[in-house]
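The chain that follows stands alone, in the form predicted alone, written as structure tokens.
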Amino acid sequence: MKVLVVDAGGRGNAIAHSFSRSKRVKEVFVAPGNGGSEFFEKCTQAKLDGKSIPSIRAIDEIVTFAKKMEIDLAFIGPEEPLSLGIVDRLEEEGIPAVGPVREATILEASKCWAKDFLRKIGVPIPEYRNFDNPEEAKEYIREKFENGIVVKADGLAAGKGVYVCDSVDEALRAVDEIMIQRKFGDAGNRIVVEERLRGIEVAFTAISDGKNVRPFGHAKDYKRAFDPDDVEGLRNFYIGITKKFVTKSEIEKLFREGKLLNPNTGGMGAVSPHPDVNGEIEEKIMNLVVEPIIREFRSQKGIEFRGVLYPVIMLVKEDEELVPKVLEINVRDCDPGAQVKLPRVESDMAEISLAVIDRRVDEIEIKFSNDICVGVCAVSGALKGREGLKPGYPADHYTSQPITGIEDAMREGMVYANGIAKDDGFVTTGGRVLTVVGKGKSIDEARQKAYSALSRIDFPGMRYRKTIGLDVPE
């Protein structure tokens, strides 16, 4: 069979890699893909009339390609094409697709709606309020702030619309950036302001055919841009952001006072399985969170959710028990969690996908290996060029930087490309550039393999965290 994976980054390449291991799959096309989409056997970057698909939003071109190539099955990676109705369009053309229809994407497309829905059906969530007025939101923050607060843009913001704030001033700035400065456009018309929970964060995924749902693996994400003690990295970032020179001693003083911002990102690395999630916790998350969402969404909205459901969970200790509380819902696989989760899948990815389409997820076994995977993201860091010093991911960064050593790294570990292009060689095209994955019987072994492979890679401004896989504060 021919499979089409719709994605532009490392998650899509990991999905394609998992399909390539199926004996039922002859070819895997990735649209739009990137310069690393052909790292794995059977995998090809999609081309329409000799040209690459321009973006994940190019729904017409993707559907045309799928029809022209007689695709047997499509698997959709990112939330944006899902919210634009790509599954609806593909199914209209008779092409089976794994992913929710457009109406079902409201679970991720509106954090405000999702929070109200979860409260209504009794799924555990943090205390929160929704706002469409920035001044009312600021008043609530001043009133409710206690040991941190979280501010979230309501709509889709490419994983960048969440501000975990350690001070009132930081939270007020978040409101301004989202609602006044319109950093995320219309996604910031409304916001959620919620209590900051302390506990164990879990990227948990399940796969559903609309009625039946099964666990689909979990991961521990590392989202802070810098290691907790990376004062020099934070200094370069701070200078790049503010365009003001600060000394090392000044930065160290801000660091000691807890005033140095360590920004949230879409993810700097991940580990799978999550070290703190056992069978009992997994069952609790399924019973208290996943199954009610699938069941009540179908009951109350009249829509079957088919595809990967990814609730971000915080395990909070209450009465000596760990209670899973939902921070937000995503309607697709995690990133970079997928890059460490999917290499562990021993079941046939094509069989899993066909079970979703045929409404028989209850009849299949989804098996993961006992191995551990550690993935480390190499990102575009602070770099001085013709436009001056740019702070690097998750802020402004340089692209088109030449990359060396990818082939050497692939001999030691798995390399999934997040943002690269291939011309005479490989060059960077984004903030997150590569996710390098090591696999082993222990976290230590997997970390050693990941970092050893990563040491083979180099590009100007390359930066990565040294603590992925370790128990450090996030």
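Please read these numbers as outputs of a predicted model, since none were measured by experiment. Heads up, when I say rigid core I mean the largest set of C-alphas that superpose within 1.5 Å between the two forms. Just count from 1 along the sequence shown to find any residue number.
From this point on, the text means the form predicted in complex with a small molecule, which you will not see here.
### Task
Counting only non-hydrogen atoms, choose the one of 239-247, 191-199, 68-76, 282-290 that falls within 4.5 Å of the small molecule in the model of the complex.
Of the options, only 191-199 has residues within 4.5 Å of the partner.
#### Entry: Contact flag, residue 314 vs the small molecule in the model of the complex, heavy atom cut 4.5 Å
Residue-level check for residue 314: yes, a contact with the small molecule.
### Message
Within 4.5 Å, heavy atoms only: does residue 341 come near the small molecule in the model of the complex?
### Response
Contact check for residue 341: no, nothing within 4.5 Å of the small molecule in the model of the complex.
### Message
Taking any heavy atom pair closer than or equal to 4.5 Å as contact, tell me whether residue 264 reaches the small molecule in the model of the complex.
### Response
Result yes; residue 264 sits at the interface with the small molecule in the model of the complex.
### Query
Does at least one non-hydrogen atom of residue 126 fall within 4.5 angstroms of the small molecule in the model of the complex?
Contact check for residue 126: yes, within 4.5 Å of the small molecule in the model of the complex.
### Query
With the small molecule left out of view, which of 397, 218, 223, 306 would have a heavy atom within 4.5 Å of it in the model of the complex?
Selected option: 223.
### Task
Have a look at 150, 234, 206, 372 for me and say which one sits with a heavy atom within 4.5 Å of the small molecule in the model of the complex.
Here the answer is residue option 150.
### Message
Taking 2 Å as the cut-off, check whether the CA of residue 400 shifts that much or more between this form and the one not shown after a rigid core fit.
### Response
Not so; residue 400 is displaced by less than 2 Å.
### Query
When the two forms are laid on each other by their rigid core, does residue 124 show a Cα shift of 2 Å or more between this form and the one not shown?
No, the C-alpha position differs by under 2 Å between this form and the one not shown.
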